[in-house]
Each structure stands twice: as structure tokens, then as C-alpha cells.
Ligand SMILES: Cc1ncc(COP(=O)(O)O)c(C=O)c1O
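Okay, here we've got a single chain as C-alpha cells, the form predicted alone, with questions on binding and movement later.
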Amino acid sequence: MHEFISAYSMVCATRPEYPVYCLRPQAVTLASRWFQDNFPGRVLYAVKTNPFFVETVAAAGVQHFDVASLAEIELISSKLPGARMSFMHPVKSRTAIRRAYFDHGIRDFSLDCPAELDKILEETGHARDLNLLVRVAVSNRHSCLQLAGKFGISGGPAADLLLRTRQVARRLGICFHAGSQLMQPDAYAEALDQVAILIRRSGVIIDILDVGGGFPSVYPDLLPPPLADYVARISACFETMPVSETCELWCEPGRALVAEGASLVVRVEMRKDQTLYLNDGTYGGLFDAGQPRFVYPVERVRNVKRGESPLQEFSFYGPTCDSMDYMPGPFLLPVDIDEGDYIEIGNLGAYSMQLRTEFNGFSNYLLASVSDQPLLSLYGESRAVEVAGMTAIIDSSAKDNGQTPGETQ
């Protein structure tokens, strides 16, 4: 993988035919260290977010991984032997459970129904050294991406499952997921209130409380409160929870650790009025720009001064023949952008590389390492990004200037 100062220097040197991920491992290191320094418990990296960065995260101090499949387990075992893994997918195959326990030494398993508990017990030979976490359903009302509905148990059935699991687990935990890209710290407070009611109803003592993921990144139209506010809210609620003094607090950040770790450089293949046809799209690295309709920070890759050309709103189409390969934006770019221009699309370190498909044969992409700052950042210096008539400049190098990570200037 070649190294460049910036996306601009990469484009000048290579004029790439295919989309190029510009990787910034230094941004992932900064975010990982922030969580290690500030979260008052154990930090697990959600591997599904981007397996490419597992070694970067580990080098920054995160040694515990949330895995969701046998493939992810084998990846961590091969790259980071000795790292702790927690199998946090609530529905697992029998083979995956058996191999996780016997071949990879995993002792942490999540579940959300009696049938899954039976499956775990049967495939581990009714082991007595299991740490079992019951996934409970909580509100997702503060989430940009709803994760409720598929997993989670609540009410009387949840209390019954906790009581039964307590009888067979070495350590009992509760886990939940309040959604993805949470824009309010109160999301965790509300979820923890629900968990507290459930604990009292079931009468069990829990050893692990896992608040899941949901910690946000920053996008032009999604400027979250300071991350320190999320941690403070969780810490305050945890102090009042009906748990033992030795209960461990866990979290599973994914997006918040790696979103700033990559941008994607694409090429304009055609312009039709205010719509740009790109060489990548929703079936490639821009799924979240099409389905959840995230507005990513964008910048034309050209050696011109900022503000030299007026800006206007554009939408994007990807390269496939499918009209659903559409990204409405709005993405603010120079009015004279045209075929052959390159665009850097920022903050794509989370999920983009993992959601790519081979549809229509548009599956090729390249990797490059760059050393400049992300377009937007919650942790370090950012480049200014204008979107829909507003300029968002995030500078959370609070440790140098007295601010808290996530504050806007």
C-alpha cells in the first residue's frame, strides 16, 4: 500500500481508475485512546464495523473484541492471539458456538431467548465457566439507525430468562443496543432506566452491564454533543444501578472508533444538471449515503483555493444499472465540477468497506495511506467542510485548547 500526504497527492500521482480508500490509522489510534482514557469500564471493539483496523485498535490499547461470526473469531485469533473475544450475536449456529468455545477459548456469549440458552449449554457440554449476557430490548428513539425489533427480550419473559440464566452462568450479564449514531446522551440513560426496572423485577444479581454501541461519529448534518457527555451520563446512571459493587461496565463502540479512519476518493463519470454519476455508489462503499441517507463530508480533489468556485448542492448516482443506486445528499461541491474530477468523501471508515458488493462487476477498489487530517473529526483537527449553506468546523483537540472532544467551534 502506497503512502501519500493527502488524497490530492494520491490523485496527482496515480490518476486512479478505481475508487480509492484513503486510510488514516492515526485517526483510529486517537479515537481508541480517547475511549481507553475516558470510558470508566471495559472497551470492546465491534469488529463488524471494519476488520481492517483491528490491529490498529489493539495497538492503541483495546484488547477485547465484540465478534459476531466464526469468521470474525478466526480473524482475531490469527491476528491477535490471546485477545479476549465476546460472541455477542444473540443467534448463533451450533457449529459456531462449539468451535468458539472449544477451539478459540471464548467464554462470553449473548442470548435473547430460552432456545439460544439451551443451544449454548448443549454445544458447550453444559460448561460451568460461561459468562452469559442476556440481550434486552430498549428504546431506539434517539437513534439515526434503528436496531430494535430483530433482537432483545423484555418484560416478564426477560425477567424469567435472567433468572434461569443466572442459575447456569458463572457470570451473568445484561447487554442492550440503543441504536446506531445516537444523537442524545439521554439514550443511554433511558435504556439504563429500563434495565434497572428489569433487574429489580427479576431479583437477580448481575456481574456485567454492557451498554453496547451507538456512540456517534460526526457528519455535516449530524453534529453530536461532546462524547464526554455520553460517558458522563452513562457513569452517573451506572452509579445508581441495582448491581453489585464488583459489576463490570462494558461498551462496544464501532463507528466512533473508526469512522474517521478512512475517506473514499471517487471519480465523476458524468454530470447531468445537479446530479453527478460516480464510479462508486450504494452497492459499493456508499451504502449509508443511499439507504439511511447519510450526508458525508465531501471535497473536490483539485489544487484550487477553498472558496474560489461557488458551491451548489448535488446528488449522486453510482455506477450500476440500478436506479436505486442513488444518494440524494445534498452534497455541496463547486458549481463547475464535471466529468473527470475526483471527489473525496470523508468519514467512511465505518461499515463502508464491509458493505461492498460485486453487483454489476463494480467491485474493484484500491487502498492508500494518507497522513493529513480527516474532513471532520471529534478527536483532532478537521478540515472545514461546507454543507447545505453551513460551515461545520470541528476541532476537538480539547486536550490542547481546553475543549471537550465533540465540541463545535
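Numbers follow the displayed sequence, beginning with 1. Small disclaimer: the values here were computed from a predicted structure and weren't measured.
Quick note: we don't show the form predicted in complex with this ligand, though the next part is all about it.
A.B. asks: Given a 4.5 Å cut-off on heavy atoms, tell me which of 268-276, 111-119, 211-219, 330-338 is the interface stretch with this ligand in the predicted bound form.
C.D. replies: Heavy-atom contact with the partner occurs in 211-219.
A.B. asks: Would you mind picking the one in A60, V54, A368, A46 that has a heavy atom within 4.5 Å of this ligand in the predicted bound form?
C.D. replies: Checking each option against this ligand in the predicted bound form, the one that comes within 4.5 Å is A46.
A.B. asks: Between the options G173, G318, G254, G285, which residue brings a heavy atom to within 4.5 Å of this ligand in the predicted bound form?
C.D. replies: Only one option qualifies, and that one is G254.
A.B. asks: Contact with this ligand in the predicted bound form for F39, defined as at least one heavy atom pair within 4.5 Å: yes or no?
C.D. replies: Output for F39 is no: heavy atoms all beyond 4.5 Å of this ligand.
A.B. asks: Is there a non-hydrogen atom of M88 within 4.5 angstroms of a non-hydrogen atom of this ligand in the predicted bound form?
C.D. replies: Although this ligand is absent here, M88 would touch it in the predicted bound form, with heavy atoms inside 4.5 Å.
A.B. asks: Can you tell me whether Y351 touches this ligand? I mean in the predicted bound form, with a 4.5 angstroms heavy atom cut-off.
C.D. replies: Residue-level check for Y351: yes, a contact with this ligand.
A.B. asks: Would D66 count as a contact of this ligand in the predicted bound form, using a 4.5 angstroms cut-off between non-hydrogen atoms?
C.D. replies: Yes - in the predicted bound form, heavy atoms of D66 and this ligand come within 4.5 Å of each other.
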